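Here we start with a single chain on its own, the form predicted alone, put down as structure tokens.
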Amino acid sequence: MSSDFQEQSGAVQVRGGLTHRQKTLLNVAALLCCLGILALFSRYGSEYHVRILNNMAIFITLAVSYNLVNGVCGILHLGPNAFVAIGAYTSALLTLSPSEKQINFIINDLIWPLSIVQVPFALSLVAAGIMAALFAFIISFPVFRVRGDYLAIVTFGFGEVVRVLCNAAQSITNGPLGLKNLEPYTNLWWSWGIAILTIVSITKLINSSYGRAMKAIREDETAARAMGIDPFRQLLLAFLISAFFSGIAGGLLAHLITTISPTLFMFTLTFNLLIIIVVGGLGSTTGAVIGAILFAWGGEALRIVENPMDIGIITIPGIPGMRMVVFSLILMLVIIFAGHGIFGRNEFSWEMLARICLRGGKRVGSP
């Protein structure tokens, strides 16, 4: 009798929701747990595991910011690789010392004043985000004059233009040779700190009046305009914020792999981000995070399909690029059997976790 009453009262509390104080305490506890795990991996983890965790964090930043435009605003934007490239080159050029720049630029000299400027890593990340947002602002006027497939084509073209310019502008980007010998500034604290900042900032934006206006545009732009919402202003805000965090992620990526070239920022990067947000659930920040984690971990786990395999009397040669084939098949299966992705448009909440725990406990305790 008493156990039934406790179960019922617990269900009532979950349905009624947690108080703001309880949610704050749970959020702080989760953050401390995350920091503890990072501290353990930073001190005792192998270089391989630390690299995977850094990749996870960078892809979380990219996916969450990309999802703001594609998922929340409902705009098919195919040019995030351009903003990542702009951020990566900006951060790299600002952190290299003048002597290192002379070593890199052996064909054409780097233009002034970039040839003599060197700033701390933190400042270079801010500059990377601002430069990416500046380019986003410049192209936003032609981009948001069109919609649908035309907008996708325009943004795709912008991504290709930036990649071609990275090849051609040898006095700025060093052309196909790229930039090498960057300092490995990116560590778990930088990558995950930026990832958490991105999640918190974009979640706050989505839950604000601006976020509700963006969702209204996604559902029916004509009706949103009739309600007094200016689509251009709201889409511009989302576009700039997405580009800003993508630029920062580009700076982190450059100082993680310590060498960059135009081939790193091909459309494949955008395709990967599309897989992440579609599998996780368009419009869900939680889905973008889960999708990024699965992608970063799965990318390493699926390396086996690109290696030669000996199955008894049959030998299968290694096929480079098979990981992308497997990811494409996973995307097709998700679209067929879970059209809205893992989370759909839902978000994680402590009430959701409590309901799952209560159901699990009830199943375990049931006779």
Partner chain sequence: MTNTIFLQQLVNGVSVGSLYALVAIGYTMVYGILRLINFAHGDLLMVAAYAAIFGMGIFSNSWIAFPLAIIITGCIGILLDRTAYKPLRNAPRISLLISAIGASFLLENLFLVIFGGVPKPFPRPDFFASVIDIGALRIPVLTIYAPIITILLFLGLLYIVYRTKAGKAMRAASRDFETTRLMGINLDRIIALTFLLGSCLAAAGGIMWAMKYPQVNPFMGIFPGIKAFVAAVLGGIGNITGALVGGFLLGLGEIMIVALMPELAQYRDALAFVILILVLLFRPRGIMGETIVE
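Positions refer to the first chain, counted from 1. For clarity, every value in this text was computed on a predicted model and none was experimentally measured.
Not on display, but discussed next: the form predicted together with the partner chain.
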Q. The partner chain isn't shown here, but in the predicted complex, which of 184 to 192, 121 to 129, 284 to 292, 157 to 165 has heavy atoms within 4.5 Å of it?
A. 157 to 165
(Q) Does any part of P320 reach within 4.5 Å of the partner chain in the predicted complex? Heavy atoms only, please. (A) yes
Q | Contact test in the predicted complex: F327 vs the partner chain, heavy atoms, 4.5 Å | A | yes
Q: Please run the contact check for L38 against the partner chain in the predicted complex: heavy atoms, 4.5 angstroms, yes or no?
A: no
(Q) Please determine whether F135 contacts the partner chain in the predicted complex, using a 4.5 Å cut-off between heavy atoms. (A) no
Q) Is every one of C34, E300 and F348 in contact with the partner chain in the predicted complex, taking contact as a heavy atom within 4.5 Å? A) no
(Q) Which residue, L177, L110, I275, L256, is the contact with the partner chain in the predicted complex, using a 4.5 Å heavy atom cutoff? (A) I275
(Q) Need the contact residues for 128 to 147: heavy atom within 4.5 Å of the partner chain in the predicted complex, sequence order, or none if there are none. (A) P142, R145, V146
